[in-house]
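Quick heads-up: it's one chain on its own, the form predicted on its own, in structure tokens.
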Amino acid sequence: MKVLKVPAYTIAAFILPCLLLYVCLVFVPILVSLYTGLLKWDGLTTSQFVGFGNFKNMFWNDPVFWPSVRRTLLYAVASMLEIPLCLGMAILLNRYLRRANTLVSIYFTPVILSVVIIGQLWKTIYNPTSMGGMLNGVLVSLGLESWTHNWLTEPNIAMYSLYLVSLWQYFGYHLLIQYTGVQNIPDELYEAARIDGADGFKADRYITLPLIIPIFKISIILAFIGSLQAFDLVMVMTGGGPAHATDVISTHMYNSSFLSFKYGYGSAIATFLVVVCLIFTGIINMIFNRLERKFE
């Protein structure tokens, strides 16, 4: 077989434009944000260099910062716990339904809806009974009036209400990824396992799970990073309230930058978010690389 050899400068000519665009759109803003985080600046007037003063204030003097970090991490953990459920459902759909694509497409529908539409829909569902809230109305009709709440205005439960909406929205997204991965496993492997006496969940344990690890890793990373960057749904449904009870890192960054006019401080929060994303992405990759080597 004759292998086509392409000169290095030809490869560079094709790669360089995309690489430059990627650097300008990703790495340059990160570096600018890092520098701006060292300034005391409102975004309009003259800036003042304060070094790591913004970071010191963020870590030690901001009463909203660490609670928002905790909520963001809980958001990410809740999103990742959804992935095994999606994988289990994908296995069942692939095994027991001949044409599961239609059902998967139905589950995927919330993903293609605007976040504003989803937020307004669930705000209506969560409304108090006096405003015709569907959830409270169902609870009252079942005789569970003590379970009714003002779901988005009670500080102790407002964030959990947002978690539920996010899990509902992205369930079909991760189900589609897992279902595609399960479908791409050759049927010959299952047939050989069936001959050797391994069928059903036993075959899933020794065939499906080891081979689905790379796809599972993609879903975990997407869920985790997406949750760390959660912003639009929170802003549409609660705006970070009541009393900062639903503030996450990104909403706190937005409020600090554009409502409190602490642009330098907001950039420091953005830098922290980027570092956290990089660290946890590295940790997740390391864990799954070990799993892949174990099952090779």
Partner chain sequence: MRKLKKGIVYLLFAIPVITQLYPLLWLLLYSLKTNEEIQDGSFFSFPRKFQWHNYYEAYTSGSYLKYLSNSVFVTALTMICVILLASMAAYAISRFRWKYGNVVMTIFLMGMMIPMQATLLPLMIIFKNMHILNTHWSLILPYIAFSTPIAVFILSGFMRAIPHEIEESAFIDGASVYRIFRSIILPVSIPPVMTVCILTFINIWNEYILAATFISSERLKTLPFGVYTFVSQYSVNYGNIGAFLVMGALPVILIYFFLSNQITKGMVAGAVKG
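Since the structure is predicted, the reported quantities are computational estimates derived from the model, not experimental observations. Residue numbers count along the first chain shown, from 1.
Beyond the structure shown, there is the form predicted together with its partner chain, which is absent from this document and is the topic of what follows.
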item	value
Residue among 35, 59, 49, 258 with a heavy atom within 4.5 Å of its partner chain in the predicted bound form	258
Proximity to its partner chain in the predicted bound form, single hit among 193, 76, 89, 139 (heavy atom within 4.5 Å)	89
Its partner chain contact in the predicted bound form: residue 67, any heavy atom under 4.5 Å	no
Any non-hydrogen atom of residue 250 within 4.5 angstroms of its partner chain in the predicted bound form	yes
Its partner chain contact in the predicted bound form: residue 55, any heavy atom under 4.5 Å	no
Residue 270, heavy atom within 4.5 angstroms of its partner chain in the predicted bound form	yes
Whether 101, 105 and 113 all lie within 4.5 angstroms of its partner chain in the predicted bound form by heavy atom	yes
Those residues of 13 to 27 which, in the predicted bound form, come within 4.5 Å of its partner chain by heavy atom	13, 14, 15, 17, 18, 19, 21, 22, 24, 25, 26, 27
